[in-house]
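Here you get one chain, nothing else, as structure tokens; it is the form predicted alone.
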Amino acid sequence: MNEDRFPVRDRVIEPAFPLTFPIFQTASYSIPEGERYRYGREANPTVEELERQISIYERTEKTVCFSSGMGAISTSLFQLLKPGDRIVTTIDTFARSSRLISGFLKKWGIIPTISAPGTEALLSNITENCTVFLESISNPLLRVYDIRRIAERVHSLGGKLICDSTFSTPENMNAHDLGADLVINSLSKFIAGHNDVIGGSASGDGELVQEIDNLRRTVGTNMDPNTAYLSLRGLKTLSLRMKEINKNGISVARNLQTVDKIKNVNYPGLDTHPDYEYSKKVLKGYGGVMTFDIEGISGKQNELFKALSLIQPANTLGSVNSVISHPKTMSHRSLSADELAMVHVSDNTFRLSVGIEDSESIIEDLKVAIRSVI
């Protein structure tokens, strides 16, 4: 990580000089001295410090943190959209985000357009004054979107671009530098990195983020100080963890291509990936998430899960430990059969998020489990 991205303290917490920023565990503050924070739903010093440090990593003017990644997405969209507005997203957006856009927002008079996957398809659906919501690396297709081209198109037509950068993290890509107006992160994943928090953030220019922050104070999607403390701890090792995860990711993906019964390995760092050439140019690392199919596993995913020793089966990703999931019955269970087909998810599809363990051990664990089940 470059020296200019190290979080530098801009104030002193009296009466001591703690090396670790403390938890301010209080619901309210004494007036008039505590007027700046007033009430815990509105502001908290520990949360504020996390926001300041994320802004340094994301290279933005301001960040606001939330009780979850979906809280960050929903509050941001509620502030930016009104009845009659148009929002464009892609079919390979995370299922919950897609449901919010195509279901809930539509009920309130906001017009959704769901684009086919890929940069070119998305560009063809962008029209005047629309808001575009995309994922820098999509879930579960792992398409890598050309944010600069998309941002240029959106801005030329008077719209805004919101980019969910959870999969890439600010270590592998800075979406704001590429033109995104707002960068969303699920802090629960790589940034906190230890499977022990639920949180989210939205980063961008000061005025825009302040408007979103004002609504957050009203709807109550605020982050608690304990979550902020654990997320600050995670940020301290983000660079180190992502270096190891990036290294493991490419190693595991390449080796999976040689494993019997495993087909269709999908990872941005493989030359078989549709966005490989662009990924080489824009990503500092390819990340730790990949998908693949296992022949003959249909209906036996729980047997596979039980046969694993090192890899943990769970409906999450982005931790120090490797985690595997079955999108059809877990993260993307709300999609219809047609929608699952569009994002290439079948009963044989699995999503693997590699951690910081030895890459050879990860591969061996999968091999042994597959042999015991099929």
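Being a predicted model, the structure only gives us computed values, none of them experimental. Don't overthink the numbering: it's just position in the shown sequence, from 1.
Keep in mind that the form predicted in complex with pyridoxal-5'-phosphate (PLP) is missing from the display, and what follows is about it.
Within 4.5 Å of pyridoxal-5'-phosphate (PLP) in the predicted bound form, a heavy atom is found for all three of E135, F167 and I198. Not displayed here, pyridoxal-5'-phosphate (PLP) is approached by M70 to within 4.5 Å at the level of heavy atoms in the predicted bound form. Within 4.5 Å of some heavy atom of pyridoxal-5'-phosphate (PLP) in the predicted bound form lies at least one heavy atom of S186. Contact annotation: F94 falls within 4.5 Å of pyridoxal-5'-phosphate (PLP) in the predicted bound form, judged by heavy atom distances. The shortest heavy atom separation between N172 and pyridoxal-5'-phosphate (PLP) in the predicted bound form exceeds 4.5 Å. Proximity to pyridoxal-5'-phosphate (PLP) in the predicted bound form, defined as a heavy atom within 4.5 Å, singles out one entry of N139, Q301, T221, T119, which is N139. From the list 209 to 217, 232 to 240, 188 to 196, 77 to 85, the contact stretch for pyridoxal-5'-phosphate (PLP) in the predicted bound form under a 4.5 Å heavy atom rule is 188 to 196.
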